[in-house]
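A lone chain, given as structure tokens: the form predicted alone.
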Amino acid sequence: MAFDLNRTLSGRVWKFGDSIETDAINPYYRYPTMEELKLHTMEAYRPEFPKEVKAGDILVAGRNFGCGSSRPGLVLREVGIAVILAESVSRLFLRNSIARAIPIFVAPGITKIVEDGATLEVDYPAGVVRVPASGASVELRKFPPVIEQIFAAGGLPESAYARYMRETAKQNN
């Protein structure tokens, strides 16, 4: 699924702390299907999360989000999380998220300006995240153009396929 980086997102915040681990995000070892995972994602940190999360919500976390094993965060998109913002993200989780076009951004200082349940605006083109109620904002780190292309294509496999098709078309002309 492609992700349009050029639109401003607005949503309700679910705020988490530091070192949110992949086995709590994606407890695959107990729940083998996506439907079961959706009913249990993040419940180790917030038991109400899988029952109350809504489409368009925003997940905010502290440092080292997605630490642990190589578990994808696709279930977060499946339950409706529109975007993930964190002080820092584990390298592997960040790469896995980009490869699946799951919107995830590093926004240093984000946990200091927003509270759980608040409304947050994410303006990627402007490189800023804002809390409309208070006017507080932090810088949003932007991706290099090649990563933006992966998001636009809907993920790494889709981006590679599109590139292959373009190059094949050039060779056949």
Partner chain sequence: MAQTIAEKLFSRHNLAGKPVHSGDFLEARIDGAMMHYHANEPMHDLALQAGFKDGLPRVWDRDRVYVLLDHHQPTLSQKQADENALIRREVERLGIKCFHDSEPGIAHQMMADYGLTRPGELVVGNDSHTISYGALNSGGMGITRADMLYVLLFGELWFQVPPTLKLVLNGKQPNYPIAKDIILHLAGQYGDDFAGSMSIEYAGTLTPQLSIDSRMCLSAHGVEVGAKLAMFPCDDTTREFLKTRTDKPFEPIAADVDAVYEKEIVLDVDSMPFAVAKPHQFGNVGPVSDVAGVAIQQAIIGSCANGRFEDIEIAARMLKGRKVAKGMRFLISPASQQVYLQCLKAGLIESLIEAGAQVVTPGCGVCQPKVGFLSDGEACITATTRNFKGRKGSMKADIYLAGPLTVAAAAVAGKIIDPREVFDGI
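Residue numbers count along the first chain shown, from 1. Keep in mind that what you see is a predicted model, and the values were worked out from it rather than measured.
In what follows, reference is made to the form predicted in complex with its partner chain, a form of this protein that is not presented.
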> What stretch, of 121-129, 50-58, 103-111, 141-149, brings heavy atoms to within 4.5 Å of its partner chain in the predicted complex?
Replying inline: 141-149
>> Is it the case that N26, even though its partner is missing from this view, gets within 4.5 Å of its partner chain in the predicted complex, heavy atoms only?
In response: yes
> Can any non-hydrogen atom of S134 be found within 4.5 angstroms of its partner chain in the predicted complex?
Replying inline: no
>> Can you work out whether L39 and its partner chain are in contact in the predicted complex, taking contact to mean some heavy atom pair no more than 4.5 Å apart?
In response: no
> Hey, in the predicted complex, is A99 touching its partner chain, heavy atoms inside 4.5 Å?
Replying inline: yes
>> For the stretch 139-173, I need every residue with any heavy atom inside 4.5 Å of its partner chain in the predicted complex, listed N to C.
In response: P144, V146, I147, I150, L156, P157, E158, S159, A160, Y161, R163, Y164, E167
